[in-house]
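Heads up, the chain below is alone and in the form predicted alone; it's given as structure tokens.
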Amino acid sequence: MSDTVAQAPEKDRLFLLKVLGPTHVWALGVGIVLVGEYMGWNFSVAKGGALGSLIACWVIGLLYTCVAMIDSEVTSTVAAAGGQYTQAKHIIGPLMAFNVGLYLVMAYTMLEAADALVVGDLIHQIGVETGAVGLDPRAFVVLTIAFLAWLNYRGVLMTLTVNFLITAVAFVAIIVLFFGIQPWQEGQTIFHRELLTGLPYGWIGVVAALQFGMWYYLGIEGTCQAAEEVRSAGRSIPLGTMLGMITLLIAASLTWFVASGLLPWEYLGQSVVPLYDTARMTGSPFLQSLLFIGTLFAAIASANGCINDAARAWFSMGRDKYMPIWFGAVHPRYRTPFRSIVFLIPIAVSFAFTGLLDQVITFSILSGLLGYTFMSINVMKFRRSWPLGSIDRGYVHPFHPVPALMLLTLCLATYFATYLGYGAQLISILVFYIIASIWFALHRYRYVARGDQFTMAWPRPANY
């Protein structure tokens, strides 16, 4: 459909259904992130040792607590699909909105690719152990992404209900593993005293570990993508997001505790599936089977949520003509952004086929990090332009502007941490976004219906 075709009258337009509650928001946020407890976080051990990884876990936990607080306020006020993209569109401007939309799509699509990689590698590993040789992990990558895309195509309520169930199983598996190793018996089943070796690379290693410490929580901000489909944004978004952060802080601490007490840090820092490897060290067939299921479910739940979030960000950009309006279509029966869902499938598969897990994770982290940097600037401008009392807010986060300043400081530290190990990737992705911005400013912006993109009935900003 041409970008110049007039939009249908408001009464004839199809909208996303408002069918979600706090439980679904929790399932979306935690479902995307919990796979970070099953893989990826342990690369921080290779950077800073086991203790360095724990410090990174808690420092980055503070960063994401700031993200959750800020997101809960702005999203419950700007309750529309697209999350941070829609916030940028209303608060800062078109160029920032375009970039934030790309950050979201790239971060979630890369994370989806990493999840599919883990599913393929895990099934391949089980095949080798059981003698079923010849299993091609790429086949399971394609099967996973295709099945989850079909699930998202059919409807958001079913998608996130499934996510709630399998995410709950994956979270319970971590709890069961913790009690299964009987951690109160130090020296018999868990060996921190023997395995913890201080900071092998000093404090610079701790700084470097911040990059992969993000993997414990990366994606919790995806709860914003459900804003247009929740029944009460002012209640569901803050409640689901903050409960999600509490869940992840508990899961991250337990994950580090059990893995660092059973695996040497040199091995832990390079494992593809660290929690599954931890369960294998216990010698318990039950725990090993449970953690295999938990790892599989966590990866599937994460990929499922990523498809949901990336498609809604892309859909929102299409609906506003930041991308071709063809992507802004809603399925007449299932009320889902079906074209955006289908379009992003080959992109995720192509990145997963590289097989480079740490590289794919790094690109996802960097896109997410750029988005978090925007959030700190965005909320300060939001509070300054529309002070408390000037518009209705579903939730007001406390201690402003401390969380925003803290978030910005931690983001800058994490950029430096990424530069230490992945400087070329950091520069390349910045170049990509600069080129994309030039393309938008010189070509795409002329198609944007500038008056139609502002959907909030707000007064003019202060000092307009």
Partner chain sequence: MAKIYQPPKQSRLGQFIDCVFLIAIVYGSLMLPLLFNFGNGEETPPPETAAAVQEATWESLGQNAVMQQQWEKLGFDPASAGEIINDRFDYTIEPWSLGITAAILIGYFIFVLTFSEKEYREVIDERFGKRQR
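Numbering follows the first chain given and starts at 1. Nothing here was measured: the structure is a model prediction, and the numbers come from that model.
What follows is about the form predicted together with its partner chain, which we do not show.
- Of the candidate stretches 388 to 396, 214 to 222, 351 to 359, 241 to 249, only 351 to 359 has residues whose heavy atoms lie within 4.5 Å of its partner chain in the predicted bound form.
- Although the partner is absent here, Arg383 lies well away from its partner chain in the predicted bound form, with no heavy atom inside 4.5 Å.
- Contact check for Ile434: a non-hydrogen atom falls within 4.5 Å of its partner chain in the predicted bound form.
- Proximity of Tyr422 to its partner chain in the predicted bound form: non-hydrogen atoms within 4.5 Å are present.
- With a 4.5 Å cutoff on heavy atoms, Ile427 counts as touching its partner chain in the predicted bound form.
- Exactly one listed residue, out of Ile91, Val273, Ile300, Leu287, brings a non-hydrogen atom to within 4.5 Å of its partner chain in the predicted bound form: Ile91.
- Residue in contact with its partner chain in the predicted bound form (any heavy atom within 4.5 Å), chosen from Cys57, Ala46, Val67, Leu410: Ala46.
- In the predicted bound form, its partner chain lies within 4.5 angstroms of at least one heavy atom of each of the following residues of 241 to 279: Leu262, Leu263, Pro264, Trp265, Glu266, Tyr267, Gln270, in sequence order.
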